[in-house]
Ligand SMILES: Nc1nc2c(ncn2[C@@H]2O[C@H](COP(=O)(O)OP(=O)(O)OP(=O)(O)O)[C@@H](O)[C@H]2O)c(=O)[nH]1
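Just one chain follows, in the form predicted alone, and it is written as structure tokens.
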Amino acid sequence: MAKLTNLTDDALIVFDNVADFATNLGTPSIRLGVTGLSRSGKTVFITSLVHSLINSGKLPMFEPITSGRVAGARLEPQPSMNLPRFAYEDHLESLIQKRQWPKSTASISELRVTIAYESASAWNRALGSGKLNIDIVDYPGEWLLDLPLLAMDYPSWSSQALKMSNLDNRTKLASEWHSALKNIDVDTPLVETEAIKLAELFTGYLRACRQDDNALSTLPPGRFLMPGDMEGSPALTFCPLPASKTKVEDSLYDHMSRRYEAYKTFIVKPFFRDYFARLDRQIILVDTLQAINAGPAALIDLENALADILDCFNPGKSNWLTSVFSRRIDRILFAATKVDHLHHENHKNLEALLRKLVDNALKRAKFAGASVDVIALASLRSTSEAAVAQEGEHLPVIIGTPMKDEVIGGVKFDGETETAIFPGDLPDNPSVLFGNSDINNFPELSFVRFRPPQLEIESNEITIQLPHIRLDKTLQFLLSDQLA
């Protein structure tokens, strides 16, 4: 893990950990971080997880529930007074009543679920029932990709960012910004309108990289894509520049450098210190299918992004004493989302692909006893499966309602019509997807987006069962040991 803090930051982190420890003496708490890059399904995951816990959803692989040891779960007021509450009820209504996917996560939020349970240990049961607070912290994955900036100065970051923008799959997307860079002298005095224009062109390049056709993942600074109330501030008005020859004070280069440092000081560092460094468990949702749709360059970029993300964690075994001084993330789960867009025969292949994507990152990181795993997941299943006869063979298909304007075989869908599609098969050997630098030789695969399922709503929509794939195994990995 790269060193991302100084002594002052470390002291503040210890102070927060001590405060958390004192607060949790009555009822133990675990802070679960939920993140993923744009449209990976963070909001749906949290909504489905919470709904299943508090409404006794079907979770056959989650031992604390199947053994009957969980007496119930309920929402409680969240502990952080300075964070927005995760809008669980609004998201649930959007999924069930409107059949609309919630908007992407644009800022950090929190929700507390308290589980009442009986211990699996006869000795502990004799001491009475237990309670566990689960504090779910939802934050954009793009913010994670900013953390490596804390260990980089402006010249290093500029050099890296310019080099990336000149890669074959990015240079066309960056062409307008590159043209503007050719017409400036970085050592001349700052002209504010020029700085604003350069920052806007750089942001446009980042947005173009994120579009579905490209699906690139390594796009720091993340707040340029979701500025919030910082929009228009100097801390968000900079871009990478070619190296300065003279390092003149008050030049364009000098001001861009200072603004980059301000971005780290006022945006990146507080997120790391106040939230990220206080997590106990982490799930990282990955829209692997979108990267496959975009081709081999997007997959390689996603692999690099996941390596950068893992490099920022402080993983390792944790106990009550060490967690006071140095919070460690002792379980990390990578989840390939939207597995319901594939027939179940391909689920293991998707899992194998995600495992390959994170393999280099796992080898690079020093985990010191932390548990890390991968899973293929659908937090809310939007399709069903069937087989259709074609030329004497039975073809496995999935059935669902494609979202409005999705195109299959030249047909544009209206968002209301249900259809059966064969998305293609993932290769048994995921390395095949990485060895194809030629997009024309890439395996023929096509994944479309589906609307949330039509669920039968009886007297009370809140008690409805939300269909899923492996949400129970996800909970087993992330939480079962805390309910033992």
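The first residue of the sequence shown is number 1, and the count goes up from there. Here the structure is a predicted model, which means the values were calculated and not measured.
Keep in mind that the form predicted in complex with the named molecule is not shown, yet the notes after this line are about it.
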property	result
The named molecule contact in the predicted bound form: Asp146, any heavy atom under 4.5 Å	no
Non-hydrogen atom contact Lys264 with the named molecule in the predicted bound form at 4.5 angstroms	no
4.5 angstroms heavy atom contact with the named molecule in the predicted bound form for Ser104	yes
Contact flag, Val44 vs the named molecule in the predicted bound form, heavy atom cut 4.5 Å	yes
Output flag, Ser38, Ser379 and Arg449 jointly within 4.5 Å of the named molecule in the predicted bound form, heavy atom basis	yes
Residue stretch of 348 to 356, 333 to 341, 180 to 188, 248 to 256 approaching the named molecule in the predicted bound form, non-hydrogen atom distance within 4.5 Å	333 to 341
